[in-house]
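Take a look at this single chain, the form predicted on its own, given in structure tokens.
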Amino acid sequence: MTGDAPQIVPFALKDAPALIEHLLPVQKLSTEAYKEQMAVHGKTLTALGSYWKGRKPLILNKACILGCLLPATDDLALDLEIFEQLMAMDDASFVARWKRRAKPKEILAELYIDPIDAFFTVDPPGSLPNVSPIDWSDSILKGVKVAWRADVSELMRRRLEVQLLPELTYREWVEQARRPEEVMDTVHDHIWDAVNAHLGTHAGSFPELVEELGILRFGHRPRVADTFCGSGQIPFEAARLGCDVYASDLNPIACMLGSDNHRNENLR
């Protein structure tokens, strides 16, 4: 953290309304939850959890926890935009969620970019025109190599790549894409500047963000208690986000599941 970074003031959000009290993108969230439920054995938690018929998808738990921590501001449209970025529901996140990312040559073949060298390096230099699209079938261009410039941000890359995704409804995008947790190591790489600018935080990961939001609201990292934890999806997702978690259940199977899920997550 630099000297110019915003300071996290304990209890600054103590009386701020929670985002979940004002808005929640229910249609998108329902689509994502259905996708997770249909994964069956591809789910993150052990299949033994089907013992609990009312078990909720992890993405729903994530939405509820974040919705309780995030403040509702005077700009609800921006609040929603930031929330969807955190949930990997924004267009740019689908670039990482898609089956594969577009290569530089594919981008230059499809999009109008002027000038090309604002985004890409070309080898040999000067072998391409200044403006795309490029017809790569031209024999003159055989052997030309194109790569992203090192100073082009991940956000700028995704803003170009998202233009190559098919024009489909949100539901159709979700059907064809991977679930957010399947690409959780990279899906949020583009969001943190916007998130921190809106919230006054300086996080680069969910545990950092959740801890800062906890300090702003409660004076400490958020604590989540689930005294009837069942298959453990609530404490599991809360712990994955960075909360301090307390969970128990009278059913010994639940305790076995909780221990197994915790151990598996630590091995990731």
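Here the structure is a predicted model, which means the values were calculated and not measured. Numbers for residues come from their place in the sequence shown, where the first is 1.
Here the subject shifts to the form predicted together with a small molecule, a form of this protein not shown in this document.
Scanning 33, 229, 65, 199 against the small molecule in the model of the complex with a 4.5 Å heavy atom cut-off leaves one residue, 229. Checked against the small molecule in the model of the complex, the residues 43, 28, 240, 55 give one hit for a heavy atom within 4.5 Å, which is 55. Proximity of residue 234 to the small molecule in the model of the complex: non-hydrogen atoms within 4.5 Å are present. Heavy atoms within 4.5 Å of the small molecule in the model of the complex belong, among the stretches 66 to 74, 34 to 42, 221 to 229, 201 to 209, to residues of 221 to 229.
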